[in-house]
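Presented below, as structure tokens, is a lone chain in the form predicted alone.
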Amino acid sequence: MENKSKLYEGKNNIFDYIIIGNSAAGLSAASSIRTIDKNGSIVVLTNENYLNYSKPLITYYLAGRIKLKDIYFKNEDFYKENNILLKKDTNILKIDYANKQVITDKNTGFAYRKLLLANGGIPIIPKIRVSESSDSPSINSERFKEHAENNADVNKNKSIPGSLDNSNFKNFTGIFTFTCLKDAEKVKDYITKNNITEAAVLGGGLIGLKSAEALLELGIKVKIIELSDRILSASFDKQASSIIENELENKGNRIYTQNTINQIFVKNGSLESFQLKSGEIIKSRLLIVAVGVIPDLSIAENSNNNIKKNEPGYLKLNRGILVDEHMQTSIKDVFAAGDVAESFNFVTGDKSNIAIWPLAVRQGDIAGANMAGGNKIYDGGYFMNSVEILNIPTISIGITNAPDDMEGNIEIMKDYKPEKRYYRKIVIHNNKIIGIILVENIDRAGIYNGLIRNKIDISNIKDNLVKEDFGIIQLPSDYKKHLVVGDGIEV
């Protein structure tokens, strides 16, 4: 099919659909639009310079498991066959909702009929004091300033060096985030050029652990610094975390829990060492900051400037962009999906920002269908992470650490065999499963997930839930019939 999208390009022309974001949610939405509307003009805007790529695979690319060409999840034919115009290297400054225009940082405009915000998340950079090593020029010296000004990544309009934060961390050689392909390429290049054999990761969450695993596969010893009392604290409890921690330390790595970095020492702008809250100084030429990710609300917040919260043109925000069951925002014809959106949490019953790839795809599909005139409903999602660390497969779903103030009857069932690196935990609320942790044996994850999604009363099968042979045969008979004649279950 000939790509006619360029006919619509230009400030004075109107696109039927503008999608900001070229990843899971954005491209899922574009596909969904095309199933309903075969001819409407679609433009996808992204600030990156890649065709597209699978974010979960960037650690595999760093580790050398896959080549760069294998990281793309849609090829060029996808855009051509679906008559989609892709505009790379396009930085969106704000949106003029009243006139339905997307404004770039170059003051060019794209007019739309329907708009999707799917611009993802950004890494959290904690503010950390930076000092020059004693045998090097002062952090405020002319030599340091000259280094900073010559650095291609310096943002001269942001805060000056003296502390590390999200405005200047790129100024410092050896300090990286790890949430996009460009990060992986930079880290890979830095390791090769500097013969790195040891590294540090600030943050023991999912991004930090996957980054650490990639480094380990390259033969690099890793020190992990985590503020909580355990790694993967958002989805694991102490027993599950201890299995991974022991495996890491048995391979010669170090984990510093209940700790953080208080001060970073640089020489001529390059990382040399850092000091922990505990006082220990650690030499390191490579630090990956993996504290977490938050929704990228920069476009939304810029667009809300000078608009009062009660006015019609104000986009409602919380931790993310608030959306309804159709993935529509508080502004007509404006939708949001993926890591930037805050939507219904199926397990907790409130609204949450859940930044996982499968939900981004599902939300994008629903948003796209509704943008094109369909009527799809998003019935909610919940946290679900499946990750293999050091050849130990793990899955966590739903609420794995029930809060103390949670109303109702909470029961915890466990089977823990540390010598086998095996753990199974089931969290039950009012006789319904609301969360699970599986370590090592994850074969029945789909069955547990079905019980959570369908809110099945498990009171009659409770004694079987953590048994290693638990399976379909032990499920309630009415539910088993549903699996045969209904939607089935992912196992």
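A residue's number is simply how far along the shown sequence it sits, counting from 1. Small disclaimer: the values here were computed from a predicted structure and weren't measured.
Absent from the display: the form predicted in complex with a small molecule. The rest refers to it.
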Listed residue that, although the small molecule is not shown, lies within 4.5 Å of it in the predicted complex (heavy atoms), from Val187, Ile207, Ile395, Ile399: Ile207
Within 4.5 Å, heavy atoms only, which of Leu317, Ala372, Ile125, Ile92 is in contact with the small molecule in the predicted complex? Ile92
Is Glu213 close enough to touch the small molecule in the predicted complex, meaning at least one heavy atom pair within 4.5 Å? no
So in the predicted complex, is the small molecule close enough to Trp357 to count as touching (4.5 Å, heavy atoms)? yes
Check Ala24 for me: does it contact the small molecule in the predicted complex (non-hydrogen atoms, 4.5 angstroms)? yes
Can any non-hydrogen atom of Thr179 be found within 4.5 angstroms of the small molecule in the predicted complex? yes
Residue stretch of 460-468, 428-436, 445-453, 39-47 approaching the small molecule in the predicted complex, non-hydrogen atom distance within 4.5 Å: 39-47
In the predicted complex, do Pro56, Ile299 and Ala337 all put a heavy atom within 4.5 Å of the small molecule? yes
